[in-house]
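Take a look at this single chain, the form predicted on its own, given in structure tokens.
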């Protein structure tokens, strides 16, 4: 099993700027792991340390039986000797080289024979649907085609591990959807281990077999996508994953709404610092027929759904509905909460799990 093991990794960029804070984690062989988090949370630094582009201040990084880095033993393997594929926001294709020459560039550096290069190119041409693009230059390709060439070039060397840092961020929404499918298909067909950095929770939810949510240099939770969504370990995870984000109700500031949710969840209000309710877990009903009344503030149709802004006892919350709202702006309606989409968090911002 070629697991990626991070043991007590610390990276400090000077002063009080700790990018990665005593991080220990194991990424299993064959997983598609998304490192998800906001800017500055340490996800890219973690990827770059696995790649060998950054050196940790302390700790150990290993891949299978191979030690990439160890501060204790003074070991460090250079990037080019780690047998991994790298891809960043910029595809960095050589503009003066054809698709063929870009893809086999690494093999050229290894002085592979023409037959070996041709065979590998034809395998990748088929895998990435690049037929008829062999003699084109990057400037003659669309963004999606350029990305497929960059992926093919990365795989030409048959790396054991793929590391991708926000490779879809420069694409428009349609191309991003197309390339998510491409990456998912690639992982399923090759079964390789992929570490993918993103700040886009939708990207992580649709691509990953496991999501590691990072905050302030630490992994707050690592789990399968729907486990992260349905059972967030902390308030940060609950707020970061989901769009629109989870409605957060403070036990002291939003008293009426908090009291309503404490009854719904059958938990004492004074044991809870914050309640959370997913927008899709709130159902709009006729006035006085729900758990509590609310006033409609805004209605935003998205095509498939409606995002409705409500005011409940002075607190603004959002609801997602697949059905047309029962009222219009400024109307008073009732709302019902579905227990499975509601959560409670303690004074340490950890989700309260009832036994």
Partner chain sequence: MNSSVSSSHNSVLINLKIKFSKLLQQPTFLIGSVLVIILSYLVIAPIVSIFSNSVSLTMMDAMLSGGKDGEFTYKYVDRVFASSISEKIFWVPLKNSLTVSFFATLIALTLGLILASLVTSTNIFGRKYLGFLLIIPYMLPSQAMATAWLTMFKNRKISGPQGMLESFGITPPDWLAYGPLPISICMALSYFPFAFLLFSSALSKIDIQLEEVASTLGAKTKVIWSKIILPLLIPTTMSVLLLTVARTLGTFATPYILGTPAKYTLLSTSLYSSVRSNDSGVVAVIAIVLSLIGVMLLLVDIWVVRKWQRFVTVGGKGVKRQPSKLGILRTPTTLFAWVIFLIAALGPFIVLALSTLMREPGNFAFSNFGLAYWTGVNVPGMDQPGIFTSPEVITALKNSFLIAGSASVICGFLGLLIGYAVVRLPGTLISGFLRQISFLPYLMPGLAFAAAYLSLFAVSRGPIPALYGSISLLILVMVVTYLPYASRSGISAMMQVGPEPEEAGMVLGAGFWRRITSILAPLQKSALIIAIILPFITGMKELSLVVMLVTPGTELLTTQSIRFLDFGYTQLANATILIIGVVVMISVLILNRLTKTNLASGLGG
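Numbering follows the first chain given and starts at 1. What we label the rigid core is the largest C-alpha set whose atoms superpose within 1.5 Å from one form to the other. Just so it is clear, the model here is predicted, and its values are computed rather than measured.
Not pictured, yet referred to below: the form predicted in complex with its partner chain.
Taking the partner from elsewhere, residue 73 is found to have a heavy atom lying within 4.5 Å of its partner chain in the predicted complex. Although the partner is absent here, residue 80 is a contact residue: one of its heavy atoms lies within 4.5 angstroms of its partner chain in the predicted complex. Within this chain, residue 327 is remote from the site of its partner chain in the predicted complex, having no heavy atom within 4.5 Å. Taking the partner from elsewhere, residue 48 is found to have a heavy atom lying within 4.5 Å of its partner chain in the predicted complex.
Partner proximity in the predicted complex, defined as non-hydrogen atoms within 4.5 angstroms of its partner chain, places exactly one of 123 to 131, 188 to 196, 254 to 262, 84 to 92 at the interface: 84 to 92.
This chain appears without its partner; in the predicted complex, the one residue of 299, 67, 26, 53 with a heavy atom within 4.5 Å of its partner chain is 53.
Out of the listed residues 119, 96, 136, 216, 96 is the one that sits within 4.5 Å of its partner chain in the predicted complex by at least one heavy atom.
If you fit the rigid core between this form and the one not shown, you'll see the Cα of residue 91 move by 2 angstroms or more. After superposing the rigid core, the C-alpha of residue 138 moves by 2 Å or more between this form and the one not shown.
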